[in-house]
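Shown below, as structure tokens, is a lone chain in the form predicted on its own; questions about how it binds or moves come after it.
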Amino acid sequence: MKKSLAVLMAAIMAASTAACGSAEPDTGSEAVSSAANDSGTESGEKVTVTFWDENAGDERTEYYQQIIADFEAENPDIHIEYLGLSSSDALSKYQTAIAAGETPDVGGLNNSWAATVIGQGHCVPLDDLFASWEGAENMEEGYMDICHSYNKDGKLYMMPTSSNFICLWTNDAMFEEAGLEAPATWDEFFAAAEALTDKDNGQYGYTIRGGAGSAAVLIDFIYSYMGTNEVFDENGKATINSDEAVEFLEKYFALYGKSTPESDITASYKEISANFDSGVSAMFTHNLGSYGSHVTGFGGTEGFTAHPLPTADNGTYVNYGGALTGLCMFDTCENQEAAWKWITYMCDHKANSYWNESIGQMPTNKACYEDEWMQGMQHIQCAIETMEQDNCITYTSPAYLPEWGSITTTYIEPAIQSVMSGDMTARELLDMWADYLNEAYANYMAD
């Protein structure tokens, strides 16, 4: 673990230097009660802290409700008013709330668009609060550095609650029946997707995310295939439209409709996860956070296995090191003391361990590393072992760019569907993506 975190730290420092010179069930919302009065804890009356979950779902909401109940039992003067947002429209909900001055006290942020929200200038710097918090020494330093990178001023606006790792999940029975091993290279991946497809029996080798969230994951696959973590070159130009990236995209989207369901063109997490969990697809790429869904779908912890993404042709394994989720405090918060108690409760050992064990992700509190549950989870151990490999380098997406969230959702996701439908070429998509990144990067450097 130390080695992987050292690699992560080096990558973050490199990304920061370049910047200055460089889950997730999608279901509806749910509210927990809201009867408490908004008043200061000093008055002795109950305070309400409004909290938005950026990635709500039946299981996550249930886990949050348990944590909230525990928190309120320990802090009877504070009530947490929960609102669950769908991951597919959480960013737009935050942007609307910011424009209207109606933000929650505490909000959940996703690495893919955390910088977009923070960059609008309505999140409270947490540096002084963090410095005086007795639990600060247990927060993983590498993750804290990532959070400091979300804004050019280097201040802390988000406290990390979970870290992630992108997996290639495989259906054990399908691979065994086909006599195949899990693919270790991208060539093996493409071959396996074809070999595992039996359309007559409704079976596909893979399932592609073509709907909401498609751009944020596709860029990770592109750099994994290229075997590099250099999103911008020495001249500050995006590398995402390189010939090798085009080659990958042409191979990847050639799977659509042949080795994947045709419905994938509009599929978000919910649909592709269901394809895997129901046995429609033999392979599925997603992070550690889908573990709970697989346990439900497979009826237990067996029958599916987590693997790292394939290794690039140059022998390099590219690990996505910035996959954090966490909590911020908005400047509309009237009782920052109560809000900070809730934020640090989620980051402290007890809740951080329960939360990440429940959703199947990596804790951000180092005290959790010795917990028994972490030793017994295959997907967690896969993440740790992979990050400790000598050939592993860490890559972070350009999520620090304030325009990153809007670029991916407004322009790139629709373009991905255009490529899948044959209305746009892979080259055209990547050239457009590079143009947007180049402009955003230039704006970032000039600001």
Partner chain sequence: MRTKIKAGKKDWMPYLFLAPAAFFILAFLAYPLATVFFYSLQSYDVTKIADKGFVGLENFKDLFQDDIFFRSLRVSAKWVLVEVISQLVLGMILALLLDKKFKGRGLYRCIVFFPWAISGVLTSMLWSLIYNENIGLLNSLLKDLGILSNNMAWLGNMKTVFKATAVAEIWRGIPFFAITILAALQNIPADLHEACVVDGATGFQEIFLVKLPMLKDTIILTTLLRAVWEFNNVDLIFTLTGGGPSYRTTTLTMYMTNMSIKNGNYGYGSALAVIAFFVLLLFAGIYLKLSGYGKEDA
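For clarity, every value in this text was computed on a predicted model and none was experimentally measured. Residue numbers count along the first chain shown, from 1. Basically, rigid core = biggest C-alpha set you can superpose within 1.5 Å across the two forms.
There is another form of this protein, the form predicted in complex with the partner chain, and it is not shown here; the text below is about that form.
Among heavy atoms of Q381, none comes within 4.5 Å of the partner chain in the model of the complex.
Although the partner is absent here, Y256 is a contact residue: one of its heavy atoms lies within 4.5 angstroms of the partner chain in the model of the complex.
Using a 4.5 angstroms threshold between heavy atoms, S421 counts as touching the partner chain in the model of the complex. Taking non-hydrogen atoms only, G405 approaches the partner chain to within 4.5 angstroms in the model of the complex. Only one of F189, F330, Y317, Y204 comes within 4.5 Å of the partner chain in the model of the complex through a heavy atom, and that residue is Y204. Proximity to the partner chain in the model of the complex, taken as a non-hydrogen atom within 4.5 angstroms, holds for one residue of N365, S163, N275, N151, which is N275. The candidate stretches are 340 to 348, 236 to 244, 128 to 136, 95 to 103, and the one lying within 4.5 Å of the partner chain in the model of the complex by heavy atoms is 95 to 103.
Along 338 to 374, not one residue places a heavy atom within 4.5 Å of the partner chain in the model of the complex. Positional change of G299 between the shown form and the other one stays under 2 Å at the C-alpha, relative to the superposed core. With the core held fixed, the Cα of H122 is displaced between the shown form and the other one by 2 Å or more.
Superposition on the rigid core between the shown form and the other one places the CA atom of N229 less than 2 Å from its counterpart.
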